[in-house]
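Starting off, we have a lone chain in the form predicted on its own, written out as structure tokens.
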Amino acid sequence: MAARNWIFAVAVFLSLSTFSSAQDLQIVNAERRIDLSSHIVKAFLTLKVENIGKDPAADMLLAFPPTQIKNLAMVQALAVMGKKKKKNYLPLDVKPSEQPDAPNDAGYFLVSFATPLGPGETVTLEVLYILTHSLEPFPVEITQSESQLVYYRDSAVVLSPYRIKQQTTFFKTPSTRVESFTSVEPANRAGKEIKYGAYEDRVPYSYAPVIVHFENNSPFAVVEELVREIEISHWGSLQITENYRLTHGGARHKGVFSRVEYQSRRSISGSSSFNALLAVLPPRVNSVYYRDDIGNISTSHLRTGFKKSELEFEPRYPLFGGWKATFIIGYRVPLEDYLFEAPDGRRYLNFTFGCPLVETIVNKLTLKVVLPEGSKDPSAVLPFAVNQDLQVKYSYLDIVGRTVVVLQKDNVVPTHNVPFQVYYTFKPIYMLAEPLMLVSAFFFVFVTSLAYVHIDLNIVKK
């Protein structure tokens, strides 16, 4: 295994040595902290980058192994400006990048500096990247009374196309129970933290695979599919309906389930399961309901506030590994809090993208914004890439149907819960369409009834 990894590193370095030297950048110091306390892996990477070339550098590359690229949910980068108490952070543009002759299908993201980095200058970057479905249950099946153990696979050193003069990696586990971890000297463990390094003067594309086997009983809540529908009514409110297909993404449950044992020994029996969820809803919500295919579920509690509302609820049964549940959450919010008028006369909805459930992965999220009938020229603005489409929905008293802006994204995490906007044009005269239709219908019925009463339809004269 060690020989194969060494050969891989040498081959990668030789195949891309020309590309790396052309960058004229090196990383003076790298510190990576990987949080494994939940099923969503969060990695915080601090890089001190130096330009050792003769020309200014406008950007740099972040490299990820193919096993992480497919599970990478988000990458963010900030430039650290100032020192100590006067520090401030400047968001940087981060985009996926295709590089020719990438080693072993490695993936790249291009980070653009706020200003070109001059020769001899340094800049400190704070990078956050989030991985989903990266904890592998082992054993893959457990009984009701067993704790859940998982594998996490990574590298003791940072995969980078640049030379790194000094680096350290920390892994934080949710508990002190660590079955094993790969030793790449220097490496040590203290409590919940495993430290690798410091490592000195690593060549580009160095890689030292490690495996951490540890206990993780946090709720592995995975929404296989979430469909959120936001219906705009210019008569005063937004109606939000959310359809969930939830599953427990951890080690599969084996054997029989004992409700008595679960209730009497909750801390031991079913420690890897979860039976309660928390949804963070907008403030000033009303008409909240929570139901499934059978009907309304009463095991819920709503707390409202000025900044947010919280809905605590329980499925009809606790969820163990591999178990599923489907349910619907619906609510209304005042229109004036989320619908505004732009300077150019267009109207726009300002709402929150993502999933309201706390610490949840969404494999597929479909968000539908149903615009009022008569709306034209819809467009959506989001801080990240999504698939966009337009549909038409017919409701009561509709003639031409309502335009629906459909936004679809896979691999959604709580970091994606950010505001987005949907712009459209709308003439107020269209608001009179439905009332006029109702008035016309009642007038037609009235006239028809009046005519029926007063017209003599008898053939024979009296």
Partner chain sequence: MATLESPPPGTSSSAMRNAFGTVLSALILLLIGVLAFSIRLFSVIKYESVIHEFDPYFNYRVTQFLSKNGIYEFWNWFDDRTWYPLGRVIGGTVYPGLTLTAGTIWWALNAINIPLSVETVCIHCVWAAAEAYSAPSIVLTSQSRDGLHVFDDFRESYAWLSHNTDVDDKVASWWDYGYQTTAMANRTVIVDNNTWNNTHIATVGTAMSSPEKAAWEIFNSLDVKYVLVVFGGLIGYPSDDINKFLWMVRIGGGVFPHIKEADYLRDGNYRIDSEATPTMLNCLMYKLSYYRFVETDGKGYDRVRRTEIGKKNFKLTHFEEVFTSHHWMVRIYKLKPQKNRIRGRAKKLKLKTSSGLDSKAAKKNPWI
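Residue numbers count along the first chain shown, from 1. Only a predicted model underlies this, so the values are computations on that prediction, with no experimental measurement involved.
As for the form predicted together with its partner chain, it is not shown, yet the points below apply to it.
| Position in contact with its partner chain when the complex is considered in the model of the complex, options 292, 126, 224, 136, heavy atoms within 4.5 Å | Flagged contact: 292.
| task | Could you work out which of 287, 298, 180, 88 is the residue within 4.5 angstroms of its partner chain in the model of the complex, going by heavy atoms? | result | Of the listed residues, the single hit is 298.
| said: Counting only non-hydrogen atoms and a 4.5 Å threshold, tell me whether 260, 265 and 395 all contact its partner chain in the model of the complex. | reply: Every residue of the spot touches its partner chain in the model of the complex.
| Looking at 314-322, 328-336, 80-88, 357-365, which lies within 4.5 angstroms of its partner chain in the model of the complex, counting heavy atoms? | That would be 314-322.
| message | So in the model of the complex, is its partner chain close enough to residue 385 to count as touching (4.5 Å, heavy atoms)? | response | No.
| Is residue 256 a contact residue for its partner chain in the model of the complex, using a 4.5 Å heavy atom cut-off? | Answer yes; at least one heavy atom of residue 256 falls within 4.5 Å of its partner chain in the model of the complex.
| So which residues in 335-350, when you check its partner chain in the model of the complex, have a heavy atom no farther than 4.5 Å from it? | Nothing in the stretch sits within 4.5 Å of the partner.
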